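Only one chain is given next, in structure tokens, and it is the form predicted on its own.
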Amino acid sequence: MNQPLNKISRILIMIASLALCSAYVTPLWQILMWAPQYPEGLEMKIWINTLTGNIKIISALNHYIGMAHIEVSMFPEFKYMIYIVGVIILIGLFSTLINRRWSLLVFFFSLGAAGLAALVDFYLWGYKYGHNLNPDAPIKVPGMVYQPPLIGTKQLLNFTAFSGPDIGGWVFIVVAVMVFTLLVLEQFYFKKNDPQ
């Protein structure tokens, strides 16, 4: 793993690293909700440091079933996510300067670790948000919890909720797939065909 990177790999790694800058200007995740009274749907977009969408309407609806109001302050991750993404971008760019296959592996594992940590963190938030209900809520359904889906679609009373990557999240996924593909090529193709 200490061999130099193929020139094509170095170019693609640099492009992939810079593509991650999109996380600063596009939403990373989205939660969409539909119900008979909201056929046009409601949305909540999760950005690197804020929330946008129909937050007030969703919070008002959630209030009736005992869920907390959604606020940016309930996501302490927003305070340091910009730095985590910045470090990952730098790791990718440095891997092109270091020019060793092990540095590409470090870049891939940093992407994977960040993605896994984000999913675990979102699951834990959703669990707490959907299970810690106000006992004095106007609407109470015995045994019902309202944890939003981690990925995919879920029925919550008369609402259909969807959770999944948004533009910035898809960029991360594409970059991770690209870096993994480069790792495979470096190990099994470029290793045999690179004149170095």
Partner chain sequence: MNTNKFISLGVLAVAASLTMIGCKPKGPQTVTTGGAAEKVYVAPGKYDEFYDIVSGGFNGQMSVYGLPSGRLFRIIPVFSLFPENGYGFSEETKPMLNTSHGFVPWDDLHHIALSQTKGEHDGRWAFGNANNTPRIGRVDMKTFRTMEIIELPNSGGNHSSPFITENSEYVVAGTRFSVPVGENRDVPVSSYKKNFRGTLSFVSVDPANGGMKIAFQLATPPVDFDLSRAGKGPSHGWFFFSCYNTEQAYTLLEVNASQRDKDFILAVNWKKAEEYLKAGKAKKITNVKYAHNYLDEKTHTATSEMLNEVMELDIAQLKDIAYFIPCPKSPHGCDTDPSGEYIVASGKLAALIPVFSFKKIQDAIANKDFDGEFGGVPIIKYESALKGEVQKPGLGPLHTEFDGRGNAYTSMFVSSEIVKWDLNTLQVLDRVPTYYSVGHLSVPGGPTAKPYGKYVIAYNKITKDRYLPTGPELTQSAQIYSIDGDKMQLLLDFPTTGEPHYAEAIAAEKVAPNSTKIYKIEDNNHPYVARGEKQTKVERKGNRVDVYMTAIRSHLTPDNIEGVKLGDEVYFHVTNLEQDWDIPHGFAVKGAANAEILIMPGETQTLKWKPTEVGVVPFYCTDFCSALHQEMQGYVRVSPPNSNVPLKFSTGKIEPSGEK
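Positions refer to the first chain, counted from 1. Since the model is a prediction, treat every value here as computed from it, not as a measurement.
Although it is not shown, the form predicted in complex with its partner chain is what the next lines describe.
- With its partner chain left out of view, the stretch that reaches within 4.5 Å of it through heavy atoms in the predicted complex is, among 125-133, 66-74, 35-43, 48-56, 35-43.
- No member of the trio Y80, I88 and W102 reaches its partner chain in the predicted complex with any non-hydrogen atom inside 4.5 Å.
- Taking the partner from the other structure, its partner chain in the predicted complex has a heavy atom within 4.5 Å of a heavy atom of L185.
- Using a 4.5 angstroms threshold between heavy atoms, I151 counts as touching its partner chain in the predicted complex.
- With a 4.5 Å cutoff on heavy atoms, T160 counts as touching its partner chain in the predicted complex.
- Shown alone here, F180 lies within 4.5 Å of its partner chain in the predicted complex, counting heavy atoms only.
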